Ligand code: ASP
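The data below hold one chain only, encoded as structure tokens and taken in the form predicted alone.
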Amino acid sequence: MKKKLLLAIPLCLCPLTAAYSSESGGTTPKVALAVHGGAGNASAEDLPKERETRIRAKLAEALEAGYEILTSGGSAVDAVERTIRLLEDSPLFNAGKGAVFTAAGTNELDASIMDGAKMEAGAVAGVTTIKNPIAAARAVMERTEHVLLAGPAANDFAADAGLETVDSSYFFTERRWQALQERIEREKTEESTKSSRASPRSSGAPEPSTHFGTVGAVALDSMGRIAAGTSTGGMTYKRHGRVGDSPIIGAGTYANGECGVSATGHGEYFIRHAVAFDICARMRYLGLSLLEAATSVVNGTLMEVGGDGGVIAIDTDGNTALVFNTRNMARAWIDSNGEPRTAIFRQ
């Protein structure tokens, strides 16, 4: 590895449009990697410092693992999968081990990955026994003619493919279970007062929380190839069978030969507006820079319709944009000049 990353990385002082971009000089092959751990509307006062330290350390660990692959000549797809697997294994995030519960008290996980160089993609939705959904998404991409497998059939596919499967109890965490109980009680209170009919946040809509969520990664390798991936447990109290944007190519994940995007936020809005694809399309058809394209979608299109969330994105020049319209988005990135950073809030 060319440069050893440290887990204790100074906080990036980023504005509402949290972004970083740079250009690498010389003849050294450019590589870049960006990682996110979900967006939310909690303030800095809502997050205990000990927990913030753990989140930042895990993001830095995942960033280091993915970057090592890139600087060793590995592929963008390998880097994205490795980075996301580490976050799925952590109960700190709403993906894999830390997935939230549905209204039925189950864990249903979604993930997707896309290889921009080949314009190939794979995804799984509503899986319940796959330890690392991002690995299953990659297997769909590389071992089948399909893009998306869902539910029990996706579980069976992963088992047949030799991927690690677990009992559904593996995904149980006390913190997420208590979050579900709190949501159930709130719904009961709203129902009893008949206020739920007028509440825009009823029926499974996301709410401000200190619990970070969806995870994702975007990578540029030394061959100029871009890949992106996203993994999530969805939203607390979601309806059984609900699928958000994370496994939807073009909504929560997208990559082509020029741009890669992974999104986090209120998935229904990201699906309706094809957010990840739209960012790359604006670069190609309108000639916008990566930052301009990401900002115009996240702080323009999404905000106009009330959509909360953010994106991480990378282009073939190694420019990295991290844009969000919420109070926070847990994120880490290392640009084409090899400088690692982490941040959570928008100071």
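Everything numeric in this text was worked out from a predicted model, so none of it was measured. Note that residue numbering begins at 1 and tracks the sequence as displayed.
Just so it is clear, the following notes concern the form predicted together with aspartic acid, a form of the same protein that is not shown.
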Of G126, G98, G244, G122, which residue is found within 4.5 angstroms of aspartic acid in the predicted complex when only non-hydrogen atoms are counted? G244
Taking the shortest heavy atom distance, is H266 within 4.5 Å of aspartic acid in the predicted complex? yes
Using a 4.5 Å heavy atom cut-off, state whether M235 contacts aspartic acid in the predicted complex. yes
My question is simply whether T253 lines the interface with aspartic acid in the predicted complex - judged by any non-hydrogen atom within 4.5 Å. no
May I ask you to check whether T214 falls inside a 4.5 Å heavy atom distance of aspartic acid in the predicted complex? yes
Would you mind picking out the stretch of 69 to 77, 235 to 243, 149 to 157, 165 to 173 that comes within 4.5 angstroms of aspartic acid in the predicted complex, counting non-hydrogen atoms? 235 to 243
